[in-house]
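Just one chain is shown here, as structure tokens, and it is the form predicted alone.
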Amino acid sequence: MNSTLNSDRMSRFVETCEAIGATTKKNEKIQVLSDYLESLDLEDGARACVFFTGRAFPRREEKVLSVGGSLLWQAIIELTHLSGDEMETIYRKHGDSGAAAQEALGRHVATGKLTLEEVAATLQDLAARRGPAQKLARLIDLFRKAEPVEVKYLIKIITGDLRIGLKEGLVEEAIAQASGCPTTDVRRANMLTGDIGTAFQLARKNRLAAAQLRLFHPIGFMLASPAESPTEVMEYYPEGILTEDKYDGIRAQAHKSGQIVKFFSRTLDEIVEFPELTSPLLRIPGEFILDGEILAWRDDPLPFTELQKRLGRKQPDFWLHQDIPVTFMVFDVLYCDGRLLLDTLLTERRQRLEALLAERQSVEVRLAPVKVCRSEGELRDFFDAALARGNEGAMCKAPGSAYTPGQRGRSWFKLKRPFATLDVVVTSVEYGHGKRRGLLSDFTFSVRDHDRLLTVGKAYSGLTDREIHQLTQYFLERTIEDRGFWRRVEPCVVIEVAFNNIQRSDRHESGYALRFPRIVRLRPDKLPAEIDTLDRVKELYEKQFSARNSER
């Protein structure tokens, strides 16, 4: 007997997605999902929960499908016999691969009745197959068995974005509602196991307390809320705050057990570019998870632009390691020798961290210095000194704070000063995603170089919804070149952008890129002829280095 006969139909999953996407109300989304999850058995419930997070596999599984948009497009073209131009026209209409595939397939009749079990098994098979030809054949077979609307959501799962307004936190809330368990317990189980499907099963069995941390499966990083000034921080913590430099590197989580060390990024992906950090951590006894920052470092911290030269290199490069040495600046410990420390107060975690690293610090592994600031003046002085040391600003942490993975709150603040602002002109625009679908909300901007306009970056944030709606219509009427999702527009909208620093870049025509640009405001008072120049960009680029060197 085919085991998939006992599995729930993919069509019910799709109906639930459509219902969730049809409402903007959070509680209604949770109720729809909760009702659906209640109707599923343990196995299908686990599969569905993973799919609802927009993933093909649980977060803890180190698997990738390696199926890109071109392969998906090929599969649809094979089934529909449409031309590439026809497919492009349909895509431009929707701006969404899944919805475009649904329309392209039209009245395609499925050759089977897909189940969640069969979809999960096919995705596992796709991950195991090598080469586009093998993957394409399997995709065509899967899509042939599915209804057009099912193909729509299969593509969304494969590409990692359901676009129905369903964040992972809402899936956790729905699991809690369906099982009658506290949401905090579901979230903790999901965080510890790295598998929301396992969290669902534990919740259904009323065994969430049994969830255990899996080493070498990263947990979410605690995040800091931005603060405008030292005054704002001290209003929350007048009795004192723990302060550290805010470093300009890569936030990293280090897991160590036995003779194995692994680093993970904020996106929970493994970091493999810095093998020289492994041996120093292996020399520290015990089993632990550390939170810190990987920095380019030679006597003092180097700019992020230096560290960036080592990113994306999977094979060791001895000379590059010598030219751009790195250090792991540690500022927290989340787990140590069998004890999870997330609920332990920061002051106690710091004491344990100091004991762990006592006499074991090295050039490659350092304990981040910390200072208690008890007044606005002390914090302002610390912030200014951190900037003078070449760092981004200051981290301000409540002494009694727990470590709350993936959450921002009032326990940790970050104080940063924008490096500078530039007046630039928008030269091309793209359609956004999610609530900004159908709106031209992603702006590429340029500076002047005599009679030329040269791009220096792209910004997505900073404008109000009303401004974006108004600009969308404005740009539609001033399009010079239309490529569907991307439009080159008349250079007439001037904006002021802030950014953290400037780096060299081959991607932009100017040869430079603004790091972390955000729109400060529209500048209708300025003409395109009055925007900043490439010479100004070069001046700021040089200034960021001379400022650091002069303060050392």
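Counting begins at 1, following the sequence as shown. Just so we're clear, the structure is a prediction, and the values are computed from it rather than from any experiment.
Beyond what is shown, the protein has a form predicted together with adenosine monophosphate (AMP); the following relates to that form.
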Tell me, yes or no, whether Phe475 is in contact with adenosine monophosphate (AMP) in the predicted bound form, where a contact means a heavy atom of each within 4.5 Å. no
Is Phe443 one of the residues lying within 4.5 Å of adenosine monophosphate (AMP) in the predicted bound form, judged by heavy atom distances? no
Since only the chain is shown here, I'm wondering whether Glu172 would be in contact with adenosine monophosphate (AMP) in the predicted bound form (any heavy atom pair within 4.5 Å). no
With the partner left out of view, is Tyr247 within 4.5 angstroms of adenosine monophosphate (AMP) in the predicted bound form by any non-hydrogen atom? yes
Consider the chain as shown here, without its partner, and state which of Lys135, His255, Lys397, Arg349 has a heavy atom within 4.5 Å of adenosine monophosphate (AMP) in the predicted bound form. Lys397
Just to confirm, with a 4.5 Å cut-off on non-hydrogen atoms, which of Glu273, Asp195, Glu293, Glu117 contacts adenosine monophosphate (AMP) in the predicted bound form? Glu293
Taking Arg251, Trp412 and Lys416 as the candidate spot, are all three within 4.5 angstroms of adenosine monophosphate (AMP) in the predicted bound form by heavy atoms? yes
Testing 280-288, 93-101, 159-167, 238-246 against adenosine monophosphate (AMP) in the predicted bound form with a 4.5 Å heavy atom criterion leaves exactly one stretch, namely 238-246
Which of the residues spanning 254-269 lie within 4.5 Å of adenosine monophosphate (AMP) in the predicted bound form, based on heavy atoms? Arg266
